[in-house]
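Here you get one chain, nothing else, as structure tokens; it is the form predicted alone.
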Amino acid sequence: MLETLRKRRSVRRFKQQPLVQEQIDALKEAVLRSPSSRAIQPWRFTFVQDAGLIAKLAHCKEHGSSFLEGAPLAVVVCGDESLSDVWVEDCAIAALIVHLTAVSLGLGGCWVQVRKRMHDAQTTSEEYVRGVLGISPPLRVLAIVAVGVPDRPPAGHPVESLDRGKIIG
């Protein structure tokens, strides 16, 4: 796991290469193994591979989501807020599991924050994504994780760059 963390970077540029089914199956298994408070598992995941839908999702925010258009896979992470008061935390963990599993498979990924972001002056990013994918309440959209083969494999952060001052004690 530490080696995966050492390699992890946010990847926003992907090769135009589809993922193989084994990679997608591994990502699905991994995300379903995510921990959740009281084992409630309030999360739901939509694995989007359709380039047209991904292109629409790339416009979910005013800034910071356009790179989705180049990804061969977008994993939309939702939570059922009626099941758990900590759906945000559970879904955030699951999104990270997607990202780290992608790295462990030689892929790259990047998180797109949807919750509490705006599509435009009148529409939230969440409302926009709901409309594109037909997601109904009580499901809430937390984030989208772009996944694909990195255009250029990124170098991990060097150990010297770690801010050890963030650790108290």
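Just so you know, these numbers come straight off a predicted model, no measurement behind them. Numbering starts at 1 and runs along the sequence shown.
The form predicted together with a small molecule exists for this protein as well; it is not shown, and the discussion that follows is about that form.
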property: Among 133-141, 22-30, 103-111, 47-55, the region lying within 4.5 Å of the small molecule in the model of the complex by heavy atom distance; result: 103-111
property: Interface membership of G64, the small molecule in the model of the complex, 4.5 Å heavy atom rule; result: yes
property: 4.5 angstroms heavy atom contact with the small molecule in the model of the complex for H157; result: yes
property: Contact of R13 with the small molecule in the model of the complex (heavy atom, 4.5 Å); result: no
